[in-house]
Structures are given as structure tokens and as C-alpha cells.
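This document contains two forms of one protein chain, each encoded as C-alpha cells and listed individually as structure 1 and structure 2.
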Structure 1
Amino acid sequence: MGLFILRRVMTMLLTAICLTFVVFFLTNLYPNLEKLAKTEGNMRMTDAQVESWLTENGYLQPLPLKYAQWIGVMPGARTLDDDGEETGRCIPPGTDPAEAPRFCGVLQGYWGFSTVFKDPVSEIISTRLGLTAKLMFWVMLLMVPSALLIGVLAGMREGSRTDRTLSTFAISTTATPEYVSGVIFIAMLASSRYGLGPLLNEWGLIAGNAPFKGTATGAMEDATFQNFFLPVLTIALYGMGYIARMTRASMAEVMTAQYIRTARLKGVKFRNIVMKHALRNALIAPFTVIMLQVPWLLNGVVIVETLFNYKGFGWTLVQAASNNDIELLLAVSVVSVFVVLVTQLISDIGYVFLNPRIRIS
């Protein structure tokens, strides 16, 4: 087991290095740097000015060198600016260049400085991740139990009408991407002029004009049912169908097993068969699926956070990517690789622990 985890961690590191290098390469292509220079400096810079700006800020060094600096195995580049002062990525504004450390990279715990938010990357990432964790927590809380319930109900009598109805529902949720369901929800539940809102208001059931809010910006500080339910529901719905289908398949398989038939022939009540005999074995497979679903949810998070203007991790990704904020983007990709690979690891280990057949052999 220890060796297995070690191998996994090594793969993870290697993947992270390759991936960040790809991101590094793509964000450091010249047109991207040119755009960065123009947004940071001045929109009307000439080509020569752009080049001098880039040289001054150390963007035009060879790619491997820059990458090594970011990792922290090479000393950070320093240049003299117009006033004769020494500047560089290791020297935060306002400190003495002589006191600044020579190396500053990920290994030293320095993640860089965001050009969009004008804040250290590590700070941005930690606050934004916290917000997204809050969102994901509620998504999981809504998605997992309902998906399992649907899957078990559908799978316990395969081919019945219940199964058909629930399976069709599960298929429809997987066929509804977040930007479609989110748009429909906002139009029907969060619009002050259409949908349910005006009606409920007229009845005096709600104070405002809409039962839910179309934006979740307020939920960042103070999440309420009103401003947080729609984004949570939107993400949960898309993920739900897949997990439900996996649970259904697993449940249906278990229900055909010999020991279930034995229990039936012994005259055990159907309810007891499902609850006591089938359920535990049927939930092994969905567990792995739920863990593997997390990276997919990340996608949904980006869309939903953009749609509902909830300034979490996904929203940061979009901001960083559309403004070519190199260091922030690198940090974002490291975090997402970490999430993807750690969930894979957990799902593998969890599978071993949950499945007695594998555990004992």
C-alpha cells in the first residue's frame, strides 16, 4: 500500500511539472506577452516599447530559465529600471534589494504576484478556494444523497416503470449542461418580471419580486437559501444524473446476485432485502464514481461561478486566463491537477477499503 501511494505521488509530481510547463509555455508565447504588456503598461505602446517593457520585467528571458525561476531552483532575475533602482520578481515593491532573497519560487513558498488582482497569488488562491469549498460542500450535500436515492430506487426493480421514469430523469440531467439549466432556473425563479416571482409576491409569500437571487455575489460573505440555492442546484443537477446511473447499474447487478435470491426465497421482506442485504454492496462502485466526479464538478464550478458571479476559484480561473495572468494561472493549474489526482488516489484507496474481496486478498 505504501509503495502504491508513493508511486501515485511521484506520478502526481511529474504530471504537475509537465502540466505547469505546458501552461508556462502557452502563456509565455509572444502574442500573449504582448497583450500582457499592453494591459499592464499602456494600450497604445509601440512594438519597441512593448519589447523594452517585457525585457525590463524579465519576460524575455529563455523559457527554461524563467520556469526554473518560478520553481525556485534558479535565482530570480534582477534588472535596473529607469531610476537606477534594482527590481525583480524576488524584490517586493518597497523593500531593500539587498535584503531580498535570491531564490523565490514555489519551492520557497512564493507563488508570485497576480497582475490582475495586484495581490500575492497565494492569498488570492486561498481565499477563492475557501469560497469554492463552501459551494462544493453544499453541492455534495445536495447531490450525493439524492443521486444515491434515485439510483437505488431505480435499480432495485430493474425495468419497472419507476426505473424507466427515474432513468429518463437521470439522462435528462446529464444532458443539461450547467449553462442551460442555470439560465432556465434564473429565468423562471430569479426573474423579477417573469416566472414564479411576481406571483409569489402577489400572494404575499415573499417580500421581494423573486424567490431566488440571480446572482450569488452576496453568498460569498453570507450564504442564504435565497442567494445560494440556485448555483448549488445547477451544479448538483448535472453531476447527479451520472452518479445515479452508476448507482442504478450497480444496484441492478447486486439485485440479481445469488444471495439476494436466497434471501427472497427465505421470505425476507423486500424492504429488508434492499436495506440490509443489497445496499451496502451496491454502494461500493458509486463511491469511486463520486470521487472521480469531483474534477468534472470543477468544470461546472467555473461555469456556474461565472453565470452567478460568485467570485470563487472558477471565477478566478476565468479572470486569470482571459487576462493572461501567468503566475495566477500556474497556481490555478497546480491546484486543479492536485484536486484531480488526489481524488483519483482517494477513490482507488477507498475502493480497496470498501471492497472486502479486494481487501482480504
Structure 2
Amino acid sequence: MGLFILRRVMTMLLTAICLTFVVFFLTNLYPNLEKLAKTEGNMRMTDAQVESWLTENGYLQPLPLKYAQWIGVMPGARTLDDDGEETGRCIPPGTDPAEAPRFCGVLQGYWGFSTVFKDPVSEIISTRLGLTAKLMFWVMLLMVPSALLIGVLAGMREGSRTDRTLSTFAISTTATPEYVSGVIFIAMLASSRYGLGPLLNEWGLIAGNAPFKGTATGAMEDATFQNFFLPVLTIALYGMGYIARMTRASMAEVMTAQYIRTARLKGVKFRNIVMKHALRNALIAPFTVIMLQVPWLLNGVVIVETLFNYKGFGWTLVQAASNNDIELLLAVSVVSVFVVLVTQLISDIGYVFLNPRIRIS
């Protein structure tokens, strides 16, 4: 097991280096750098002035050298500005160059400075990642048990009325995009004029005119059932169907296995067959699907975060890309790559524990 994990970790490191280098190359293309220079300097800058600004700030160095400096394995570049003062990546504004560190990259915990939010990238990432992590936790808490329950109930008796009903529900949730279901939920449950709100208020079931809020901005500081349930439900429903369908297919296959037939012929109760014999083997395939939901939730909830005005990690990714915030975009990419690789490692280790045949081989 130790050798298996070590090999996976080495593969993860190599993959992370390759992926981050590709992202670094794409974000440091000259058109992006030119746009950055004009945004930070003056939109009327000439080509010569743009090149001078980029040279002064170290953006025109060879790409491998810039990447090594960004990672933190090479000393940060330092240049002299028009006033003769030493500047560079490792010398933030207001810092004495003599006291500034030589290495200032990702390995040293320095992620750069955001040109859009005017704050250190590390603070922005930690804040937005925490908000999305809170959203992910409640989504997973609602989505995974519900999807597994639907899949197991549908797969226990393949072809039955219960199977057809639950399968139709699962397909419907997966086929409905978040921006459609989110708008429907807002119109039906968060509108004070339309939907169920006025009707429930007339019946005396709710105090206000709407049972939920159509914006999750307040949930960033204080999440409540009223302001946080709709975005959680919107994301959970969309991901629930895929997990449920995978669980249903795996469960249906396991229920036709020879050892299940033998157990039924011996008179073992159907409930014990499902819980003690079929369920563990049926969860092997859905386990990978569940782990893949983590990177999807991290970056794929952009629509929901924008729709409900919840400024999390996905919202930050859109802002960084649309505003050419290179340092922030690189940091978001690194975190995304790390999350994807770690979830894949956990998925591989989980396979070993769920399937003894992999451990034997």
C-alpha cells in the first residue's frame, strides 16, 4: 500500500507541474501581458511604453525562468524603476528591498497581488475557497445520501414500477441545467408576487410572502435555511441524477450475480442480501463518481454562484479570467489542479479498500 501511494503521489506531482506550466504559458501570452500593462498603466500606452513596463516588471523574461520564479525555486527578478528604486515580484509596495526575501513563489506561500481586487491573492483564495467549501459540504450532505438511496431502491428490483419511477426522476434532474432549475426555484419559492409564496402566506403557513430568499449573499456571513437552501438544492439535484443512475446500474448488475442467487435460494432475507452482500460491491463504481463531484463542485458551480449572487471560488474564477487578473487566475488554477489530483488519489485508495481483488493483484 505504501509503494502504491508513493507512485500515485509522484504521478500527481509530475501531472501538477505539467498542468500548471500549461496554464502559466497560456496566461503569459503577449496579448494578455499587453492588456495587463495597459490596465495597470495607461490604455493609451504606445507599444514601446508597453514593452518598457513589461520589462521593468519582469514579464519579458524567458518563460521557464518566469515559471521557476513563480514556483519559488529561483530568486525573484529585480529591476530599477524610473526613480532608480529597486522593484520586483519579491518587493511589494512599501517594502524595503534590503529586507525583501530572494525567493517568493508558491512554495514560499506567496501567490502574488490581485490587480482587480487590490488584495493579496492568498487572502482572496482562502476567503472564496472557504465560502465554496461551505456550499460544497451542504450539497454533498444532501446529494450523496439521496442519490445512493434512489439508486439502491431502483436497482434492487430492476424493471419494477419503483425502478421506472425513480429512474425517470434521476434522468429528469440530470437533464435539467442549473440555470433552469435555479430560475424555477426562485420564481416558485422566492418570489413575493408569484409562485407558492403568496398562497402559503394566505393559508397562514409562512409569516412572509416567500418561504426562501432568491439571493444567497447573506449566506456568505450567516447561512440560514431560508437564504442557503435554494442554491444547495439547485446544485444537489443536478448532480444527484448521475450518481443515482450509476448506483442503480451497479446495483442491478450485482443483484444478478451468482452469489446473490445462491443466498436467495438458501432463504436469506432479501433485506440482509441487499445490506450485507450486494451493497458493498454495488458502491465500488459510484464511489469514483462521488469523488469526481468534488472538483466539479469547486469550479462547476459558477452558474449557481452567479445566479444566487454567492461570491465563492467559481465566481472568483470568472472574475479573474474576464479581467485578465493573471496572478489570481494562476492561483485558482493551482488550487483546482490540486483538488482534482487529491480526489483522484483518494478514489484510488478507496478502490483498494472496497474491492479486495485489486488488493490481491
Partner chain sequence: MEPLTWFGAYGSSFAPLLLVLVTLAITCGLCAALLAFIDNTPRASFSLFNGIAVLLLLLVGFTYVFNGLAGTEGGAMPLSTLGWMLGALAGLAIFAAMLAWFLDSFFDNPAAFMGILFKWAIYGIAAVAVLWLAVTLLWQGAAHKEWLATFDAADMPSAEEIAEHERISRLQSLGILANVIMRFTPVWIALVVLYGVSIRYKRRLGLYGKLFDSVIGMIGFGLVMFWVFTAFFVGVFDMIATHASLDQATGMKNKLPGTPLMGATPEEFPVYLLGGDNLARDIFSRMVYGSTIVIQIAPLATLFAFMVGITLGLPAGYYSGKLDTALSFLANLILAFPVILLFYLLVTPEIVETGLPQYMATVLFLFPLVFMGVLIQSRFRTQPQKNIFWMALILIPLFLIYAAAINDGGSHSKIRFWPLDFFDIPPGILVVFVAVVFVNSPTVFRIVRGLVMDIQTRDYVAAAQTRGERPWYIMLWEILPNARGPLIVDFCLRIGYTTILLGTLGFFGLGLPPESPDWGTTINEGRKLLSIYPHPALPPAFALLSLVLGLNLLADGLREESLKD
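Numbers given to residues start at 1 and step along the sequence of structure 1. In this text, rigid core is short for the largest set of C-alphas that superpose within 1.5 Å between two forms. The shown structure was predicted, so the numbers you read here are calculated from the model rather than taken from an experiment.
As for origin, structure 2 is the form predicted on its own and structure 1 is not. Once the rigid core is overlaid between the two structures, G241 does not reach a Cα shift of 2 Å, moving by less than that. Here T162 does not count as shifted, since its C-alpha moves by less than 2 Å between the two structures after the core is aligned. Superposed on the core, the two forms differ at V106: its CA moves 2 Å or more between the two structures.
With both forms fitted on their core, the C-alpha atom of L14 sits 4.3 Å from where it sits in the other form; this compares the forms between the two structures.
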